[in-house]
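Given next, in structure tokens, is a single chain: the form predicted alone.
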Amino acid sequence: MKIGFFDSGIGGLSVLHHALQKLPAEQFLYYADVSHVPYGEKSEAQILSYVDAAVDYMLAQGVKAVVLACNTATSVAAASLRRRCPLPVIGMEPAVKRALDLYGERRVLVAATPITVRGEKLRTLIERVDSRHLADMLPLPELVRFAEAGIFDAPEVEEYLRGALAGYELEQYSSLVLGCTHFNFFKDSFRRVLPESVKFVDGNEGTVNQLIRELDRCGLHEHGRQSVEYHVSGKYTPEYIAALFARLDAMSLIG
């Protein structure tokens, strides 16, 4: 049986990329809701309807677990999905706690989509883990559009980031939390804009570790040959996906 991975577009591939390394005997299904990307500026009601439809589709494909490889979808829809879904639902969470645990002597900058930044889930998380009030929020909606257009290491990306970060005293920050899975594709541009002392932190490893724990708990591990199915629009050719994974390999080398 397959593990379903869901995102509005290519961002969730960064989570799948990590899962493929950690779970060599599993079968995966990746579904991207490209007709509605980006999610980060939609209403909560719209996102709920999109996620419900996507998960119903994956359930019809016989998946054994669902990974919401999208911080925005998790923020809006994870709780309701877990109430109605008969199998494990694993969501994303901006790695604020990890950043504070690792680098909590200085400020932490949390970059995410606008709806995640405004959402109750992130506010509740920060209230729980940030007793010293060190975390600041940074919405970066245009990065999702750049990613979906295949624009990565480009002057317009760097210009956008410099403008978005212009109001922050960047030397105060220990780390940048990548609170949207699309943002993992832009570490090279972030690195040119941020001081070398600012480290990157994301929730991909924690999400995959939680998936593994759920598979263990439910006795759902496979012992066969790894495979991936991509249920997405025509632009997601094997060559395109291979190029995106190659970019993620390169981004993983940037600290």
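Note that residue numbering follows the sequence shown and begins at 1. If you're wondering where the values come from, they're calculated on a predicted model, not measured in any experiment.
Form predicted together with D-glutamic acid: not shown, discussed below.
You can rule out all but one of 119-127, 71-79, 152-160, 166-174: in the predicted complex, only 71-79 has residues with a heavy atom within 4.5 Å of D-glutamic acid. Between D-glutamic acid and the residues V208, V37, V193, L29, the one pair within 4.5 Å by heavy atoms in the predicted complex involves V37.
By the criterion of a heavy atom within 4.5 Å, V96 is excluded from the residues contacting D-glutamic acid in the predicted complex.
Mapping the unseen interface onto this chain, V89 falls outside it, with no heavy atom inside 4.5 Å of D-glutamic acid in the predicted complex. D-glutamic acid in the predicted complex is not approached by V110, whose heavy atoms all lie more than 4.5 angstroms from it.
Residue contact with D-glutamic acid in the predicted complex: L100 places no heavy atom within 4.5 Å of it.
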